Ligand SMILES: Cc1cc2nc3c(=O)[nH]c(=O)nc-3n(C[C@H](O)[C@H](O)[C@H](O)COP(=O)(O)OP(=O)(O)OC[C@H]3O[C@@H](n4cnc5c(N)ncnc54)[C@H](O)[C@@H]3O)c2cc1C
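Consider the single chain below, provided in structure tokens and representing the form predicted alone.
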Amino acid sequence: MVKQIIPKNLQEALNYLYDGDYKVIAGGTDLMIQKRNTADLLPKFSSNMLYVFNLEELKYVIKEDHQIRIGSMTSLETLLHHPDVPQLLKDVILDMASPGIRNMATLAGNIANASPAGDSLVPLYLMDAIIVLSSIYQNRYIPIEKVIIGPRKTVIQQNEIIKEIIIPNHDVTHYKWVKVGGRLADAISKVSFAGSITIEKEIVTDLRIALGAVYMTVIRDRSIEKIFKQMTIAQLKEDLPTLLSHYEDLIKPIDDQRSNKEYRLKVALNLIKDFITKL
């Protein structure tokens, strides 16, 4: 028989994860769909469930000198209206679902679900987010790109829970977010793009590009970004074909019911091109 546990606090949740085999559920906005049953029947959960969305100690946004810390059970709707949350992340959240869903959904849920089309993952990759994984033994601080290793695959261990998301300060001159989907907020992304650039005295000192739904994980390649730093804007635009060729090698989309791989590739490259040419 499947057990359903609602722990009173984080320590109790960690104890349950240590003692037994539980699947963590927060707002359930992904899991309830994945496990949906026929009408009027309960979801088809086959494992013991640990419900943690009620843990108030994991609902916070704390601004520090060089970063902000977001508790894993903080809802997307709370983040949307919080003054210390980066505007890029707010722009992305505004394109996610409806207010009702956003009041239950969390960044941690998107991370644990590990879908290549998870909208909030794209800005988290772009902003070098660190994911804090907690167990009764320790806290592990891991860059998001090393937490998510494939579709629905993470390095989160059975006895761990996502405790918080750390986002370093990311001061930029210009950024852009684009979600390509059938109905924007109410649709899963066909392609998503986030880019940011920092310019000092006409020189590119920081360039970041992240793409969602065009590979097994979100694409961000720091080695490519490094090539185009210390260029002028004019030089960057002139070398745009080289930039696009690098990303064309990385983008390996799939065909599915929402779109086809040729469309996704073309759109992804056009989004990069549009970001650079309009600087």
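Note that the structure is predicted; figures quoted are calculated from it, not measured. Heads up: residue numbers just count along the shown sequence, starting at 1.
Same protein, other form: the form predicted together with the ligand, not shown, and the subject of what follows.
Shown alone, this chain has one stretch from 141 to 149, 67 to 75, 200 to 208, 81 to 89 that lies within 4.5 Å of the ligand in the predicted bound form by heavy atoms: 67 to 75. Although the ligand is omitted here, in the predicted bound form none of His174, Val191 and Ile276 has a heavy atom within 4.5 Å of it. Although the partner is absent here, Lys23 lies within 4.5 Å of the ligand in the predicted bound form, judged by heavy atoms.
Among residues of the shown chain, Ile136 is not one whose heavy atoms approach the ligand to within 4.5 Å in the predicted bound form. When the ligand is considered in the predicted bound form, Ile161 lines it closely, a heavy atom lying within 4.5 Å.
At least one heavy atom of Thr29 is located within 4.5 Å of the ligand in the predicted bound form. Taking the ligand as it sits in the predicted bound form, the stretch 102 to 118 comes within 4.5 angstroms of it through a non-hydrogen atom at Met104, Ala105, Thr106, Ala108, Gly109, Asn110, Ala112, Asn113, Ala117, Gly118.
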